[in-house]
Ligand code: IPD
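Before any questions on how it binds or moves, here is one chain, the form predicted on its own, in structure tokens.
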């Protein structure tokens, strides 16, 4: 599905989306997200089928699939020239981010959805020529909608989020860390990541990348670090974090590739370089 490289930089010099067009797209996307969330809540009242994809930990349900079909149908009917890149494969075979592309995760945190019936989200990012214009993340069970509009700020349920504290110290930070980073593996210097865990005030893992992104934007955690996320895991979140004054890169500090997999650090910029240079050290 991912072929043509496209590095992501919110500050690239590109022509911004027309304001009227952006507003129209935002309100339409918001309507569909809320409608999809209502359908998901209703689905929890009856049995649904659960399957696996790559392994026993990679779950997919018929609700994920139905939700993505809902978005793909609505988008293609309303905006036939737009592309859709979705986790479950009901969109297009996207080979570049030229034009307008909707990047959708119908349920981010499917394991939480299956086991807890909470702590999962709908994630929708809308990109024009590789630049994030609109990001929406909806915590379905909490009924909390986070969104970001390019150059217009980040919001939760219509209230603008405060800009992140630029004086945050690493030893005061709360960091979201995927469990992959804290167990033996071949991709990183374990000593460095364990030193980071000891350095910060505390660590958490919420099981939904989309929610961890918005928690960074809201200042509930100061950073989120994880391995191998797909575009649909991050597309909306990077826009929202950026609009709240945060930064998102690959774990080594390089730009994101929005049509490929990435290791991720999204965080308060006050601690970004310190984490990368002192604690995230790839094995030689």
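Residue numbers count along the first chain shown, from 1. Here the structure is a predicted model, which is why all the values come from computation and not from measurement.
Same protein, other form: the form predicted together with this ligand, not shown, and the subject of what follows.
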Is residue 128 part of the interface with this ligand in the model of the complex - any heavy atom within 4.5 Å? no
4.5 Å heavy atom contact, residue 109 and this ligand in the model of the complex: yes
Might residue 229 be said to contact this ligand in the model of the complex, defining contact as any heavy atom within 4.5 Å? yes
This ligand contact at residue 176 in the model of the complex, heavy atom, 4.5 Å: no
229-237, 215-223, 255-263, 36-44: which one contacts this ligand in the model of the complex at 4.5 Å, heavy atom to heavy atom? 229-237
Since exactly one of 101, 209, 75, 136 fits, which has a heavy atom within 4.5 Å of this ligand in the model of the complex? 209
